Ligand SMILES: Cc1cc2nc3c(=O)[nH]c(=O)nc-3n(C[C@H](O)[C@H](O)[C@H](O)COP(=O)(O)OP(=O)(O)OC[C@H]3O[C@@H](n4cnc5c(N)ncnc54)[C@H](O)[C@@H]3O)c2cc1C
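Before any questions on how it binds or moves, here is one chain, the form predicted alone, in structure tokens.
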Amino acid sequence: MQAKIFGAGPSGSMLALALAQAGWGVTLCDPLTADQLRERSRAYALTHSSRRLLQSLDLWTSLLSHLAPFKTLRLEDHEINRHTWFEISDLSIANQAHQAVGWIVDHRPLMELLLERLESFPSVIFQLGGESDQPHQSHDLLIASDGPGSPTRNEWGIKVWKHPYRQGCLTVKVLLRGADPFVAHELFRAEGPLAVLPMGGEQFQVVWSAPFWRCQERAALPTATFLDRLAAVLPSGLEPDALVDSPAAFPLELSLAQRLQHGRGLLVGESGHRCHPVGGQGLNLCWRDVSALLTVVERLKERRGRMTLEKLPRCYARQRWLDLVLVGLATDLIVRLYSNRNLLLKSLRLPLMALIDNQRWFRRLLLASMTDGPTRLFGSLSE
């Protein structure tokens, strides 16, 4: 079998590796060069669903030295002055064995590992940096993993449901004084959520949501002024000392493609969906696309349920809809519920925070949804 993947970011490269290990020939295309693909300044939160995918592809052990685990997630509602904690003991039994609620990984070592593994497969052809193309007719499967503006999706004529948020997102790596390197923070503020993610030692990734114009304004501030503004909104006890990279601002939206397949083509990752970064679902949701497609490919290989190549894209699309819709709706609900000063909503949040803080079963429910995905919820809870 031959597959052509458009887009060689973390999702496209992960899928290329999964298919290559399954015995497929893969052509991986991207307008960026390999060096440009490695250079992005970004960190990702990985949940247990992503950990399982990395383990199944024999990547986990090699990546382990680059992972920063967090053992506690502190959730705070700034407007009502309430907070609660998610601990390892709130995970399912199977996930507790890995001694982390989640992990943070930097973009560069992740991409270096993926590209290095892909280069070891003779069946993988790279078309990076605008190299000459091959005709699509020679491929059994065409996969668009080329981002939210996906030229491939547009070429296929697939429309997208979109809801642009008034909020944007500012990301920056900082050195923080007084921060526990094993604690991640999610702070709900009226202008938008603020995440503080440990990357090892005193280095943290900050994901700061606010009206987009304000994110752009903050990104353009002098370093000293920016650090002062950041210090004013960080959780108590955290003090920013220095920037590790330059702040970057980008708009946010909730989007879902009206179809995830087009003939022998299908959408994987942000070419098919986007959600608000609250809860760190972005890359994990994309990698669950990869896991679902890999499951369908294995069924094709074993011919279980009379699976055929023609049915593969439709089967993948059916498997992904529920997870994508539930995560999209959940993240949207969180943003609407917490990004405001509405007195009625604040009165609803008080008993909700009390429920989370006092009822372990409810913390387990929320954490299982975040770390394993909502479609695996009952399996996680039964463990």
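Each residue number is its position in the shown sequence, starting from 1. Being a predicted model, the structure only gives us computed values, none of them experimental.
Absent from the display: the form predicted in complex with this ligand. The rest refers to it.
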Heavy atom within 4.5 Å of this ligand in the model of the complex: which of 182, 85, 121, 250 fits that? Just give me the one. 250
Please pick, from 235, 240, 282, 168, the one residue with any non-hydrogen atom lying within 4.5 angstroms of this ligand in the model of the complex. 282
Among 220-228, 91-99, 184-192, 268-276, which stretch has residues whose heavy atoms lie within 4.5 Å of this ligand in the model of the complex? 268-276
Taking a heavy atom within 4.5 Å as contact, would all three of 12, 29 and 44 count as contacting this ligand in the model of the complex? yes
So in the model of the complex, does residue 40 come within 4.5 Å of this ligand, heavy atom to heavy atom? yes
Using a 4.5 angstroms cut-off on non-hydrogen atoms, would residue 286 count as touching this ligand in the model of the complex? yes
Is there a heavy atom of residue 147 lying 4.5 Å or less from a heavy atom of this ligand in the model of the complex? yes
Tell me, yes or no, whether residue 209 is in contact with this ligand in the model of the complex, where a contact means a heavy atom of each within 4.5 Å. no
Taking this ligand in the model of the complex and a 4.5 Å non-hydrogen atom cutoff, the residues of 176-215 making contact are 205
